[in-house]
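Have a look below at one chain only, the form predicted on its own, in structure tokens format.
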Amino acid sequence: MIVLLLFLVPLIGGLVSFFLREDKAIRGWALLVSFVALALAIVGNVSSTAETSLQYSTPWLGTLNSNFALKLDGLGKILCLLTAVAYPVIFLSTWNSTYRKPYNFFGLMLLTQAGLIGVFTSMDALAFYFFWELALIPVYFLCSGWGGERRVQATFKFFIYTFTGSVLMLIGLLYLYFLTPDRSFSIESFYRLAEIKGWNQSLVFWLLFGAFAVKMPIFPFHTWQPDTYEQSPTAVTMVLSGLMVKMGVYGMIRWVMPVVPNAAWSWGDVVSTLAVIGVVYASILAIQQNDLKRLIAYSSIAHIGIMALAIFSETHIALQGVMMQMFNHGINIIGLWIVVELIERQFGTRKLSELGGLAAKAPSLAILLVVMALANISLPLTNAFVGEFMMFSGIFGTTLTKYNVVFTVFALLSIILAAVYMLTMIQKVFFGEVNERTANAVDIRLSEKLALSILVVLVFAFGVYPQPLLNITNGFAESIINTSTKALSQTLSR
């Protein structure tokens, strides 16, 4: 029942928001709903022995043999926890932002949260597709209604990419449905197809890969991302980069690797090559950016590329590292977006060339940005270090490809490049010369300090003691690797 409540609370909370009219009441309501969801997520994570409370299933579309089946396993737990932590932080950090028709804005934000929870817990392919769209559709309206000057063009590009991905995914899921002996959309029936032979595997692989690669995004499916991040209101950008890109990574782990393991192995080098190109390409572009939003957007593409590389190494340690990094990347990137939001709101610009000298004027903001930036480049004792170390170990140690050393070298190169663009950003924004625009800068407010402090605590807590995240992810990573390895072994022994 906990998992059902985790979905229903933001869904009902979002619907109620549309009927509220007083600005403070709407903000307070949205914050309250997000804290209730956070409490449920925490209970769900600590109730590891209460298995019956972490799953829910009821007939949904009986004629299609589809169930409304939700479950909180290791992967679902960590992503639902990330979603539940992110929303109160986003609402607190944007408390002083002004929105036209706030009842619609916060209603759509909470509906997106409900969709995300559904995606991360669904155990039925048709329900998964429904939740996928439930998460995406509100974002279209949020970007087009509250975005920047070029929001129409950016939203149109976002729509084309994601619509194409959704169509590919629907075709792939329907094709798998007709392959199942019991004509079922349940994930167990799909997993029993792991030994299907021939071109069926490759066809399904590319259909699903196309859908999830757009959402992650993997090079060359990434061009919608910088424009959408730049033109969206920052609260929506936080949801897109901190949470929604995880839908693509999640799809690869949950719906691609265990369902078509042989095709994933056959095409692994191709995908890994695309991932490596994306890592280096995005890092170099990040160095050249003058706009803070675009810099962080390209930084995100590089980090997601490493996750894709680690997934296709198909090792236990790399997969567990990916799952940890999904959580930690979400925390760090949301922290960076909060800083960008605070800078843009105070100075009316995001351009590095128009900022400078903020460390003396806004010391709290400077300290918090430095912490989030160092976490983003995976400095030891910060949360991202353990996950990245595990991913690099898995990429280097895989026996499924002869290019493991090459892939590892290029992946490691991203750390050096990340240090270059992050430290350059810190230097230009906080330690450059004070100018007319920044001369009267003031430090951040209490609600903003509180939001960023929550993230900083998580950065150091999981940097020093990552064992709780390892405990959550270990069993699931083992089950996925066992499923893939079993199907591969049978194929290679023929």
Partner chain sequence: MNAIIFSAVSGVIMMFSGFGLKNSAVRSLALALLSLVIVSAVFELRGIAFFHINTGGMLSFDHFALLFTLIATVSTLVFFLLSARDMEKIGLNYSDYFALIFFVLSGVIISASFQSLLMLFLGIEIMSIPLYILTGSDKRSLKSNEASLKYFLMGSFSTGLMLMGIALIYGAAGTFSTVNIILPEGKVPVLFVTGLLFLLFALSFKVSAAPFHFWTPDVYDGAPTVITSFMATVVKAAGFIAFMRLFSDAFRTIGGEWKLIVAIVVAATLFIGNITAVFQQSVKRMLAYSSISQAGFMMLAVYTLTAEAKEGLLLYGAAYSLATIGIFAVLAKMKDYTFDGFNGFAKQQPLVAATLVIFLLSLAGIPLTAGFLSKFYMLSATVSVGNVWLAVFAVLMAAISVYYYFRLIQAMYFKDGTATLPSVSMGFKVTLVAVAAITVILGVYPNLLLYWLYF
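Since this is a predicted model, take the numbers as computed values, not measurements. Positions refer to the first chain, counted from 1.
We do not show the form predicted together with the partner chain, though everything after this point is about it.
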| query | finding |
| --- | --- |
| Contact label in the predicted complex: L400 to the partner chain, heavy atom within 4.5 Å | no |
| Proximity of T164 to the partner chain in the predicted complex, heavy atoms at 4.5 Å | yes |
| Contact test in the predicted complex: S144 vs the partner chain, heavy atoms, 4.5 Å | yes |
| 4.5 Å heavy atom contact, E133 to the partner chain in the predicted complex | yes |
| Contact at L5, F120 and F205 by the partner chain in the predicted complex, all three, heavy atom at most 4.5 Å | no |
| Residue among H222, K293, R254, R151 with a heavy atom within 4.5 Å of the partner chain in the predicted complex | R151 |
| The single option of L193, V370, I171, V406 touching the partner chain in the predicted complex, heavy atom within 4.5 Å | I171 |
| Partner-proximal stretch of 30-38, 452-460, 438-446, 55-63 relative to the partner chain in the predicted complex, 4.5 angstroms, heavy atom | 55-63 |
